[in-house]
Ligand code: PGA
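Before any questions on how it binds or moves, here is one chain, the form predicted alone, in structure tokens.
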């Protein structure tokens, strides 16, 4: 049974450790009854030691550095993340790219994460909605990120298609459509086919992100070949996020 991957990206939230523990425990307790869902919570790094993964819930990190140790102020290493119980890592999120993260940096982080045994979630997406053609930016982001990454690490890779224009902070809560996600997932698999071959292209999970909530999530999960969703703002509301898990568990 292939589980739906539901990732909560808390970004720079919540404001306090107490609130973090409260939200996480509510999600953790609820997740125990969902057997068809892989639940992943990615809090700010500072909160990772305060919460613990369980049999039904995994911890993710919002970033990773591509060196194991050294004079890199403000960065966090693979070893530190492992010690905190992390098994997933978000890489190349549009908000990190806007802060100056380059294609080359994303490539190094993908290799570092996957080679160290994490499931590397590569975030890709175009900045503006384009009705006429598939976005060149997505192709460039994928090819650049996976350049030189060996095929043996394909099983550690997840692609999160998250168009920037559909992220709630940009769109005001208006998501993309399931139909467009379906077309984009085919496009992404064609790119992966050229990089790693047919077997890898068909097996790599592709998930959707961008203003996901309990009202629209079913449409994205119903897309043929879809493997889950990346949830931002809605994941900070335990009741709302649990509704998403319940819907995903019925898939």
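Please read all numbers here as calculations on a predicted model, not as lab measurements. Residue numbers count along the first chain shown, from 1.
The form predicted together with ligand PGA exists for this protein as well; it is not shown, and the discussion that follows is about that form.
Proximity of residue 106 to ligand PGA in the predicted bound form falls outside the 4.5 Å heavy atom cutoff. Within 4.5 Å of any heavy atom of ligand PGA in the predicted bound form lies no heavy atom of residue 39. The closest non-hydrogen atom of residue 154 lies beyond 4.5 Å of ligand PGA in the predicted bound form. Residue contact with ligand PGA in the predicted bound form: residue 81 places no heavy atom within 4.5 Å of it.
Across the options 114-122, 139-147, 88-96, 176-184, residues that bring heavy atoms within 4.5 Å of ligand PGA in the predicted bound form belong to 88-96. Along 144-162, a single residue, 162, places a heavy atom within 4.5 Å of ligand PGA in the predicted bound form.
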